[in-house]
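First comes one chain, alone, set out as structure tokens in the form predicted alone.
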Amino acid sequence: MAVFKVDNVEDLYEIGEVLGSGHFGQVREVRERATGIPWAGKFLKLKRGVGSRLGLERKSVEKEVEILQSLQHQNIMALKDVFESRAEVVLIIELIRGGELFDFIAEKESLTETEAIEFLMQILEGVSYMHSKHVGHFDLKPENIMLSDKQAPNPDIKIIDFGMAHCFIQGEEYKSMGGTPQYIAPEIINFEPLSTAADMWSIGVITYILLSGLSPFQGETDEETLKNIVAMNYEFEPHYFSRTSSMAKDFIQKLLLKDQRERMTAEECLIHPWIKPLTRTQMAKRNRSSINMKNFKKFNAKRKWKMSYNMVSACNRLCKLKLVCKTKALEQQELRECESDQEDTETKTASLLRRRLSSSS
């Protein structure tokens, strides 16, 4: 069961500056009064009633809290406290200052496969622990893989955002159509029963991008991307993978398998020869191979631009919505005044998928 406190959060934490905001609330820096330790406070608005459109369902927040309270690992964002009032829930979470892993890598001039593996190993260790607790993340993507502190000599990877995570119960069948198109597994698109193997597909996609700067299934539209995933339409183009080791390609191939039962688990990934070389020859090959940094920088710049574009687009839609609502309210007011005076005197499968999936990154 998720544990919520009814104390006033401001009695225990000093509320600081806004770090970010979204549709359902904002994240602020907070400082624990008793210890002076800084944390992040995630202030989430709750729906006030059954018909309310604003805010989150308490059940969805409860689910995320319960999952985070069950996960204690250095590569997973820590949850310290949860406070609840009538109108909102406040999650006190680990303050992660290092930014996204992909942004950190894009700042480098070069990166060998061996150096990239140091980061990938941490992701796999976090996912392996998560899966050992029967939890699937279901939204692994670059935006949700952060660094604790990029100034540290060996920064820790932090997996964040468990809003779509699910804890499996033995004998349960779980289906979902959530996720970001270019990172989701084919079983999600086909609305088949899911397992933690869906996360391993996402790791395969992330690794492919990391090494080449190319997204394996990305199409011109979300519909085309989804079709490419279902058709397993990807390849290792020589132009982008000329400096990639054969072991790295083998690693990816053993994750991008349509049958989720055949994919490597996180534990199996950690002992794959690319991650853990068995011979000096394998180690030497890995050290001589490097990621396609020029193309990776292009991919990351485009990804960040798209994120900014989506944010601006969302803000514009919100402004238009407010304007429409205001106009309708004025029209209704005028109509009521007039009445007072008178009294005194498609549905395609792919389109459905796009609507049901979260916005692409």
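Computed from a predicted structure; not experimentally measured. When you see a residue number, it is the position in the sequence shown, counting from 1. Under this definition, the rigid core comprises the largest set of C-alpha atoms superposing within 1.5 Å between the forms.
Only in words, not in the display: the form predicted in complex with adenosine-5'-triphosphate, which the text now covers.
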- request: Sort through 144-152, 278-286, 122-130, 197-205 and report the only stretch with a non-hydrogen atom within 4.5 Å of adenosine-5'-triphosphate in the predicted complex.
  value: 144-152
task: Identify, from the list Met293, Val65, Leu46, Val27, the residue with a heavy atom within 4.5 Å of adenosine-5'-triphosphate in the predicted complex.
output: Val27
message: Please tell me which of Leu214, Ala116, Cys167, Ile93 lies within 4.5 Å of adenosine-5'-triphosphate in the predicted complex, judged by heavy atoms.
response: Ile93
message: Let me test this: is every residue among His134, Leu255 and Thr265 within 4.5 Å of adenosine-5'-triphosphate in the predicted complex, going by heavy atom positions?
response: no
- prompt: Quick one: does Asp161 come within 4.5 Å of adenosine-5'-triphosphate in the predicted complex, counting heavy atoms only?
  reply: yes
query: With the partner left out of view, is Val82 within 4.5 angstroms of adenosine-5'-triphosphate in the predicted complex by any non-hydrogen atom?
result: no
task: Please check if Cys269 has a heavy atom lying within 4.5 Å of any heavy atom of adenosine-5'-triphosphate in the predicted complex.
output: no
- prompt: Any chance Val9 has a heavy atom within 4.5 Å of adenosine-5'-triphosphate in the predicted complex?
  reply: no
field: Residues in 238-276 close to adenosine-5'-triphosphate in the predicted complex, defined by a heavy atom within 4.5 Å, in order
entry: none
message: Would Gln26 count as moving between the shown form and the other one, using a Cα shift of 2 angstroms or more after superposing the core as the test?
response: yes
